[in-house]
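Taking the form predicted alone, here's one chain by itself in structure tokens.
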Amino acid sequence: MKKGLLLLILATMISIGNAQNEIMLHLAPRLGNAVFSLNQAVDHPGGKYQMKYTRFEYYISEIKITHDGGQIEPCTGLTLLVRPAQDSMYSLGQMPGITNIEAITFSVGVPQSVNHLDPASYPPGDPLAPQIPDMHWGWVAGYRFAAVEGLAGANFSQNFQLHALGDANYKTQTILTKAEQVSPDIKMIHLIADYQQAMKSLNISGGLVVHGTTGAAVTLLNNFQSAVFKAESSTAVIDQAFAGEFEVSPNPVRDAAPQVNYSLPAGEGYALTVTDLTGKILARKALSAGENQSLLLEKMPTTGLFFVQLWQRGSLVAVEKLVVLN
């Protein structure tokens, strides 16, 4: 699936001459300040214990793009099965009439008109076709809108499983945002998806198993509506306490090696990493404090989206998206 989507992105970017204003959605997967991954220990939003996810998947549907003075363009018939450990970029389709994006509207789950249809009626590979592990609960109840599982409590000894479903829990949200022009014919909407917040107000320290339409399942979907997603307001996200400077140039970069320009306040333990969308570290460099410094990175091997991250003593200080068009 991941390879398929990446190939789709590559093919789209390379075939610029054939594209006609494709809109892409990038859900930057986070666990707080860290890049999302399964089996990664992270503080529960309440801060009293740690947890880690072993399964995390959910549906997004009824996506609409608000653009150019309030016009609305629906992504008709499009349903996304989001698995942040595998994919974070999705094509929303060709929309030649869109110039300036103003907001994105979507719902977590499957709309009632689709929720009770037969999964076997969809072709293999369709998000609504039978999945492994199963995302369909039954014809009456419909699909699992979100399936989240993991470990928490002392020594991660407690299992939690939250499978949330139900037509009444299908909730819509609108996020004001702009799009980044990553190539002449591709606009990309960047949203931060902080999946740590999915467990907000849920006590999973003693284990919790809820498969259904009430209680913790409702809280989970409320969190998806109000706490997980937010717009990424700028190319660089910098810790407000950071008094230095950090940028990647050129960005986007085409057939060249990008350069990191930085000024770092007095201190120790600075480091820079370059990761791909899955969080895999492609490069790591130690940095020293000082003014007006630069570091030439190696040319990225493939077209795509990467993250250049600045750390100090293991804490993320700044991150910038790097768009590579080879």
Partner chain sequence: MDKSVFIGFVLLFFLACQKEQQPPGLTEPEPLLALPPGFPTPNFPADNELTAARFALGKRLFYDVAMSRDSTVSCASCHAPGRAFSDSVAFSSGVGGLPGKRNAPTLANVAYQPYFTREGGVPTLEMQILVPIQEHNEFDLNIFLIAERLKTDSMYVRMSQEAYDRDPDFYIITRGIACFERTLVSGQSRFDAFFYQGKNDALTAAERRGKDLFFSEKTNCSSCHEGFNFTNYAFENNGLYENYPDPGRFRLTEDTADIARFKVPTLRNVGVTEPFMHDGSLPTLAAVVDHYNSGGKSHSHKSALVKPLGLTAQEKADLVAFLESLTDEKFISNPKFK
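Residue numbers count along the first chain shown, from 1. On a predicted model such as this, the values are computed, not experimentally measured, just so you know.
Same protein, other form: the form predicted together with its partner chain, not shown, and the subject of what follows.
K.L.:
Looking in the predicted bound form, any heavy atom of Pro96 within 4.5 Å of its partner chain?
P.N.:
No, Pro96 sits far enough from its partner chain in the predicted bound form that none of its heavy atoms falls within 4.5 Å.
K.L.:
Whether Thr214 contacts its partner chain in the predicted bound form should be assessed with a 4.5 Å heavy atom distance threshold; does it?
P.N.:
It does: once its partner chain is placed as it appears in the predicted bound form, Thr214 has a heavy atom within 4.5 Å of it.
K.L.:
Is there a heavy atom of Pro119 no more than 4.5 Å from a heavy atom of its partner chain in the predicted bound form?
P.N.:
Yes, Pro119 sits close enough to its partner chain in the predicted bound form that at least one of its heavy atoms falls within 4.5 Å.
K.L.:
According to a 4.5 angstroms non-hydrogen atom cut-off, is Ala141 in contact with its partner chain in the predicted bound form?
P.N.:
Taking the distances in the predicted bound form, the answer for Ala141 is yes, it comes within 4.5 Å of its partner chain.
K.L.:
Please identify the residue among Ala103, Ile192, Ala129, Ala227 with any heavy atom within 4.5 Å of its partner chain in the predicted bound form.
P.N.:
The residue in contact is Ala129.
K.L.:
Only one of 129-137, 176-184, 194-202, 146-154 has heavy atoms within 4.5 Å of its partner chain in the predicted bound form; I'd like to know which.
P.N.:
Every other range fails; the passing one is 129-137.
K.L.:
With a shift of at least 3 angstroms, figure out whether the C-alpha spacing between Cys75 and Trp139 grows or shrinks in the predicted bound form: closer or farther?
P.N.:
Cys75 and Trp139 sit farther apart in the predicted bound form.
K.L.:
Which is it in the predicted bound form for the CA atoms of Ala141 and Ser121, closer or farther than here, knowing they shift by 3 Å or more?
P.N.:
Closer together, which means the C-alphas of Ala141 and Ser121 are at least 3 Å nearer in the predicted bound form.
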